[in-house]
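In structure tokens, one chain follows: the form predicted on its own.
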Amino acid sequence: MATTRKKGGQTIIRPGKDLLASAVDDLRKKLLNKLEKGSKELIIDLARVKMVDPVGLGLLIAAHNSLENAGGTLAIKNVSEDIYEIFKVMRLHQYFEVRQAI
């Protein structure tokens, strides 16, 4: 289950599991809820995520597009090296901030 917390003007969402087609509904609901409530700065913390499939990537892209249309921003943080490589190959790091785990 995804958890959410506020830090200053930012909303941080931490998925409880991998971003796979069978598990993205909870995260999708949290994202939609935050967008409807007017959140403009979303951070998705992928510290607990080891795998992302095309459905998970699509959800992140849709969240970015929705935030951008509303004048907001999306950042993806604590990304594993393998997932970061996927973002780089797909050039997604050019559209929103992606930071590797330290």
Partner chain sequence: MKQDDETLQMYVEESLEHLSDIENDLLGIEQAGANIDEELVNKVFRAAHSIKGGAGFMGLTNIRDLAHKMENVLGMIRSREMVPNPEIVNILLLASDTLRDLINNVSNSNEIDISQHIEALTQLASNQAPDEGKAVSPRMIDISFPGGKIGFTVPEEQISALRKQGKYIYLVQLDLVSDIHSRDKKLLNAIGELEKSGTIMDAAVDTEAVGTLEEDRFLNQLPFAILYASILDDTIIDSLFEIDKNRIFQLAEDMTIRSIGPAFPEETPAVERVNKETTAKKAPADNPDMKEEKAPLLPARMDAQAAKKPGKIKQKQAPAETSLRVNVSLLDSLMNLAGELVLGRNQLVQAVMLDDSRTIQVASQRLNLITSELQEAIMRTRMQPIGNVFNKFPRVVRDMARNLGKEVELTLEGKEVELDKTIIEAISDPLTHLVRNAVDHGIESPDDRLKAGKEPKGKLRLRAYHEAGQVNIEITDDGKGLDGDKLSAAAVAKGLITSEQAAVMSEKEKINLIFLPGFSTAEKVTDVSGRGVGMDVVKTNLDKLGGNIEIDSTVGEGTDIHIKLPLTLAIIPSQIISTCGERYAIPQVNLEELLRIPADEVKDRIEKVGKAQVVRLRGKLLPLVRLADVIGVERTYIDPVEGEEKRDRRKDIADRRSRKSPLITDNSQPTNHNLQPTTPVDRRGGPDRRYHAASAVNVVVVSAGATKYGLVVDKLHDAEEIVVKPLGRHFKHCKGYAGATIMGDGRVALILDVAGLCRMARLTSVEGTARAAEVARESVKSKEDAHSLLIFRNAEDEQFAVPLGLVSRIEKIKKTDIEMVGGKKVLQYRGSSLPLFAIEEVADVKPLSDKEDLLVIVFLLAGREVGLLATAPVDAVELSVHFDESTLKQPGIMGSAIIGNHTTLMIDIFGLVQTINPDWFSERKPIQTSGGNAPTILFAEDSSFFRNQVKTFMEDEGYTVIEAEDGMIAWNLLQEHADEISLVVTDIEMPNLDGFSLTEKIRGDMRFSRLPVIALTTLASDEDIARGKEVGIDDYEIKLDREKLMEKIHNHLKRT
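Keep in mind that this is a model prediction, so the values were computed, not measured. Residue numbers count along the first chain shown, from 1.
The form predicted together with the partner chain is left out here; the points below concern that form.
ask   = How about residue 45: is it within 4.5 Å of the partner chain in the model of the complex, going by heavy atoms?
value = No, residue 45 sits far enough from the partner chain in the model of the complex that none of its heavy atoms falls within 4.5 Å.
request  = Although the partner chain is absent from this view, report whether residue 86 comes within 4.5 Å of it in the model of the complex, heavy atoms only.
outcome  = Close contact exists here: in the model of the complex, residue 86 approaches the partner chain to within 4.5 Å, heavy atoms only.
query = Does residue 57 reach the partner chain in the model of the complex, with heavy atoms at most 4.5 Å apart?
reply = Close contact exists here: in the model of the complex, residue 57 approaches the partner chain to within 4.5 Å, heavy atoms only.
Contact flag, residue 66 vs the partner chain in the model of the complex, heavy atom cut 4.5 Å = So residue 66 counts as contacting the partner chain.
query = Listed by sequence position, which residues of 23-57 have a non-hydrogen atom within 4.5 angstroms of the partner chain in the model of the complex?
reply = Contacting residues: 24, 28, 31, 32, 35, 51, 52, 53, 54, 55, 57.
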